[in-house]
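The chain that follows stands alone, in the form predicted on its own, written as C-alpha cells.
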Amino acid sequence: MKDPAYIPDDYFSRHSALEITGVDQPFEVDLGCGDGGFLLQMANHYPERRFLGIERLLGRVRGVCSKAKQEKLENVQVLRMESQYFLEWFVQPGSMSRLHYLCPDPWPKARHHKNRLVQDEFMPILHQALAENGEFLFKTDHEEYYEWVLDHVGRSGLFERLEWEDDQFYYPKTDFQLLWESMGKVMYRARFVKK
C-alpha cells in the first residue's frame, strides 16, 4: 500500500482533492487530527470516501500513518501543516465535502481568544474551501467557545445550521470526548452547511 503520509511536491500551490487523493470521491478533512482515532474509524466505516488528517506535530503524524498502515486503510492520508494555511492557501477552493473540527484548544482566557481558529476573517476562508453543500462539523466541551463559534458562523451569513441528532449518522467519538464524558462533562456540537 502507498504511504499514508501526504508530502506534496509544492507547498506553495493549490491542491485539488483529486491531486491529493488520486481518486474522484467525497473528500473529508479532519483538522487537527491528533492521534487519529476519529480519522481512522471514519476511514474504516466509509471506504467510499477519502479522508485527510491535518496535524502540525510530527510525532502525531507518524503515529497516525503507522496505524493506517497496520489497518491497511487505503482511503486515509495525513499532511503535516498548520490548519489555517491548509484552508487558506493549500487546498483548492471548493474541494472539501466535509470539514471536521473536533475538540480544539478553546483558548479560554480572553487575552488568548485571538489564537482561536474560528474568527470573523476565518469564515470566508472556510466557505471558499468547502464544496457546494459542503459541511462544517464542530465539537467542544467548552460552552463559551461553542457560543463563540455559533456567533461567528451566524454573523458571517455564509452557512446554515443543520440538525445533528445522536444517531443521525455514524460519527465516532474522539479520545478527548470519551475522556471528558467519563468525567461527566457535556459535549456541545454544531453542524453547518455552506450556503
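All residue numbers are counted from 1 along the displayed sequence. Here the structure is a predicted model, which means the values were calculated and not measured.
Just so it is clear, the following notes concern the form predicted in complex with a small molecule, a form of the same protein that is not shown.
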Checklist entry - For Cys33, is any heavy atom within 4.5 Å of the small molecule in the model of the complex, or not? => result yes
Checklist entry - Does Leu87 reach the small molecule in the model of the complex if we count a contact as any heavy atom within 4.5 Å? => result no
Checklist entry - Are any of the heavy atoms in Gln119 no more than 4.5 Å from a heavy atom of the small molecule in the model of the complex? => result no
Checklist entry - Is Glu71 close enough to the small molecule in the model of the complex to count, meaning some heavy atom within 4.5 Å? => result no
Item to check | Option from 62-70, 129-137, 161-169, 48-56 whose residues, in the model of the complex, bring a heavy atom within 4.5 Å of the small molecule | outcome: 48-56
Next on the checklist: Please tell me which of Asp24, Asp175, Glu181, Asp10 lies within 4.5 Å of the small molecule in the model of the complex, judged by heavy atoms.
Outcome noted: Asp175
